[in-house]
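First, one chain by itself: the form predicted alone, in structure tokens.
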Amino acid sequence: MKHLITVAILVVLGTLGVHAGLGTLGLLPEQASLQAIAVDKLLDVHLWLISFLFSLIVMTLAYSLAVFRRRKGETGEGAHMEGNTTLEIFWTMIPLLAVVFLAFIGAASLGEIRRIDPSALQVNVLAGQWYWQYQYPEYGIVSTELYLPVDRQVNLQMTSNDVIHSFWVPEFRVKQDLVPGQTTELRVTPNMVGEFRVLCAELCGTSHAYMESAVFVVTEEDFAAWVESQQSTAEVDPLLLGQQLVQRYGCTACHSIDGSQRTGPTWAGVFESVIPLADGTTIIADREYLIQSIINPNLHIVEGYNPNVMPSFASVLDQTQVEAIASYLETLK
């Protein structure tokens, strides 16, 4: 019995030590949403379980090696032991009950994370290679930066314009895939004012690592002021707007402006040039061609390039924005 008591004490001390050690590693960023609280509580339960199981195995093994080792001069065989039915039932039922318990608290945490607030702010999220776009239907605003009021649930209705992406703000903990042709939902309630980053957590192409955008969690007053400023923004110069849109949506990741070779055709000197097409014909790159290449990129496939590589931006950009990009392309020599 004294061996069991000693091992039990060692396991308890080891569990406390391992858990404390894991807590000093800074495994998680700060909590910035109500959902993060539920997720971190569930994770902490797992950390306690990991600490206990690690200590149970290591401490028992270390104690056995130290106390029950073959002593100098001992040459006999160790005691022969048969199976122990009670012990086998014990180590079968305990893990089973642990799994049921984890399933229960996991379901409870998921219910807390997905709790619906009828007054939630709806934001439509559109992802593409390699950009994020946020639409606020209640206010008629489209932005590439996500502004959220603190302590108010936001209902993110999300889809992708090309391949699978994944919306993830580490401080919010929760994340959700965006699937082409489908609308997925993610609800989050920011509870900390600050600036964070949206990351793509699904490998989505060559510029996946750089697919991020700013998230600003602000007070209700600052959010109202931002909405007002967005709704009253004066019309900017079309050339400047076109250049900003090209940078905003990462167009130059595939199209160079200096004639260098990239995934897509270069934009250098494209306007009014003769473009050889994959079907053996040619076309003049007039303004209509530039516009069609943005909203219907598979209409004219340039020779040497594959179809279905560039997604359509018809659902991403409005007519003014498409015209602005075309105007900018006309200036590239």
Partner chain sequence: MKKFFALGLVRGLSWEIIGTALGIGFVTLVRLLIGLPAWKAEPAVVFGALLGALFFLVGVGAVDDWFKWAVGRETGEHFDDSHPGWRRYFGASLDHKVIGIQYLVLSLILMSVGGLFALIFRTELAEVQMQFLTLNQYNTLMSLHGMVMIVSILLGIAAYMNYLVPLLIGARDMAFPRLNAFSFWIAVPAGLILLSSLFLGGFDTGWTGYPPLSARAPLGMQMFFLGVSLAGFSSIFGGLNILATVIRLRAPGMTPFKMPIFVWAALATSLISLTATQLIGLSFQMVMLQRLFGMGFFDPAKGGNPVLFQHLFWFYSHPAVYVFVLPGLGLISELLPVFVRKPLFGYRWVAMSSLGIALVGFLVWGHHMFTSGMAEYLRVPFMYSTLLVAVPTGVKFFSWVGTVWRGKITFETPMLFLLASIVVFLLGGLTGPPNATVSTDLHLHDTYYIVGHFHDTMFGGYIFPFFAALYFWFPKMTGKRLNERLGQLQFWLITPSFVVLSLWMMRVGLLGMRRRIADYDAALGFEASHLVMTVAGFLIGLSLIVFFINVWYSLKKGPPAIGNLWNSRSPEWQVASPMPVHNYDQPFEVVGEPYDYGLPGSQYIRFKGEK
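Residue numbers count along the first chain shown, from 1. If you superpose the two forms and keep the largest set of C-alpha atoms that fall within 1.5 Å, you have the rigid core. None of these values were measured; they are calculated from a predicted model.
Another form, the form predicted together with the partner chain, is not on view; read the next lines as being about it.
State yes only if every one of 39, 57 and 106 has a non-hydrogen atom within 4.5 Å of the partner chain in the model of the complex; otherwise state no. All three within 4.5 Å in the model of the complex.
Does the 4.5 Å heavy atom contact test between residue 29 and the partner chain in the model of the complex come out positive? Residue 29: contacts the partner chain in the model of the complex.
Going by a heavy atom distance of 4.5 Å, is residue 118 a contact of the partner chain in the model of the complex? Looking in the model of the complex, residue contacts with the partner chain do not include residue 118, since no heavy atom lies within 4.5 Å.
Would you please decide whether residue 271 lies within 4.5 angstroms of the partner chain in the model of the complex, comparing each non-hydrogen atom pair? No - in the model of the complex, heavy atoms of residue 271 and the partner chain never come within 4.5 Å of each other.
Contact label in the model of the complex: residue 168 to the partner chain, heavy atom within 4.5 Å: Yes, residue 168 lies within 4.5 Å of the partner chain in the model of the complex.
Among 140-148, 206-214, 241-249, 220-228, which stretch has residues with heavy atoms no more than 4.5 Å from the partner chain in the model of the complex? Only one stretch passes the 4.5 Å heavy-atom test: 206-214.
Which of these residues, 302, 43, 283, 295, gets a heavy atom within 4.5 Å of the partner chain in the model of the complex? Selected residue: 43.
Considering non-hydrogen atoms and a 4.5 Å limit, which listed residue (257, 192, 174, 126) is close to the partner chain in the model of the complex? Flagged contact: 174.
Can you tell me which residues in 150-165 come within 4.5 angstroms of the partner chain in the model of the complex, by heavy atoms? 162, 163, 164, in sequence order.
Rigid core superposition, residue 88 Cα moves 2 angstroms or more between this form and the one not shown: No: residue 88 shifts by under 2 Å between this form and the one not shown.
Would you say residue 117 moves its Cα by 2 Å or more between this form and the one not shown, aligning on the core? The answer is no, as the C-alpha of residue 117 shifts between this form and the one not shown by less than 2 Å after core alignment.
For a quick test of reading the superposition: does residue 140 move by 2 Å or more at the CA between this form and the one not shown, rigid core aligned? Moves: no, less than 2 Å.
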